[in-house]
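In structure tokens, the next block holds one chain alone, the form predicted on its own.
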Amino acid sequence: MTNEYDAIICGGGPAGSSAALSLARHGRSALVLDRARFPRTKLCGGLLTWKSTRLLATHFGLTPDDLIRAGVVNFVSDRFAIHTFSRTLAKGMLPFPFHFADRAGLDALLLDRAAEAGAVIEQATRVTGCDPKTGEVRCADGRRFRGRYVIGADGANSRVRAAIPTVDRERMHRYMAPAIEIALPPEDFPRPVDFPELYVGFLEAGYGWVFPNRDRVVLGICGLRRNKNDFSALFDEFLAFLGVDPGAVTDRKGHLLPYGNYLSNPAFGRTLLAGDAGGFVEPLFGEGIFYALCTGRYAGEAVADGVKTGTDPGPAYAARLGRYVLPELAASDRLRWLLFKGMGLFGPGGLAWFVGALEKPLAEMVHGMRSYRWLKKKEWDFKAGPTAP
């Protein structure tokens, strides 16, 4: 196996697979390194919005029906509800159904698509370091690989990001939100769950969720660690409110979620960051799958074009993010603080009025049909299908 590639992609999740697929389709050599063997367990509610399903269809050639037939999507719901611990704020229909995916199956399927296109996949290979100026990547087994470029798609605790000196580490840490999540058999949850439920008001900057799946109920909390919140105690409070028997909870797990720490310029030297590694998670509801798929595709296409033309892909990647992605994240961040602080000042009634008055356009906003910027119609650049080499 060669040790030199057009691009080395650290991380084989949705961002890494998306980048690898872009590069392979453009005839560029791409190596994906991931510490796990797929399929692997991944903590995530697995919610796919309209924009996620569109991108999966246009980039990977996987329609919602394909995902259902593959057993990856195991629940579909066209309803939603938003609650506090004391009242229901909103409950209604969606303009497009939420699709709930099993992340182990989804991620394995996407990585297989990248491999089928020609990307080289190295599983059970842990990246320990990266030189962002030379493109050298070091692995725990002693091997070293060199890429013309490196794409860091290695999650919230990115090794690639840690090697970039221009990253504001204090800001990255401050807006990294802890999350706790469990999955229960349906019979261990006190009632049937037929549609996604969000719970707000018990965290100053965060939320809880209860998501349906075919064979389990996924529930968790996520938020910024403000006022030295004890997240384990908050999660126990959430479970008690839901009526979950503590004896049924045998395996709670935690992870970090970027929550407002996205990078406006995720490129340095020969490296680009995508997905969670670049903080590209929507800061209001914590949607990450779409932004991983989207930024991974953008990064892969920027590198493919840079290799072809002999130009630096960083500026083109940053410009594309600045046009389509960063405005959504910035506007979502502003809306988050407006809503959370408004609840603190005026109680849940103001939020209930806001959601009730704008129920349909807000639902379209979450799906990506409308922008977080003043609810304008949103145009993405992936509707026409995969780009040709």
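All residue numbers are counted from 1 along the displayed sequence. No experiment lies behind these values; they were computed from the predicted model shown.
Beyond the structure shown, there is the form predicted in complex with a small molecule, which is absent from this document and is the topic of what follows.
Asker: Okay, which stretch from 270 to 278, 194 to 202, 67 to 75, 302 to 310 lines the small molecule in the model of the complex, with non-hydrogen atoms inside 4.5 Å?
Answerer: Comparing against the small molecule in the model of the complex, the contact stretch is 270 to 278.
Asker: Of the residues G135, G260, G288, G223, which one places a heavy atom within 4.5 Å of the small molecule in the model of the complex?
Answerer: It is G288 that has a heavy atom within 4.5 Å of the partner.
Asker: Can you pick out, from H83, R79, R174, R126, the residue that has a heavy atom within 4.5 Å of the small molecule in the model of the complex?
Answerer: Flagged contact: R126.
Asker: In the model of the complex, does E181 come within 4.5 Å of the small molecule, counting heavy atoms only?
Answerer: Judged by the heavy-atom cut-off of 4.5 Å, E181 is in contact with the small molecule in the model of the complex.
Asker: Quick one: does E328 come within 4.5 Å of the small molecule in the model of the complex, counting heavy atoms only?
Answerer: It does not: once the small molecule is placed as it appears in the model of the complex, E328 has no heavy atom within 4.5 Å of it.
Asker: Using a 4.5 angstroms cut-off on non-hydrogen atoms, would A114 count as touching the small molecule in the model of the complex?
Answerer: A114 lies outside the contact set for the small molecule.
Asker: For A15, is any heavy atom within 4.5 Å of the small molecule in the model of the complex, or not?
Answerer: Yes - in the model of the complex, heavy atoms of A15 and the small molecule come within 4.5 Å of each other.
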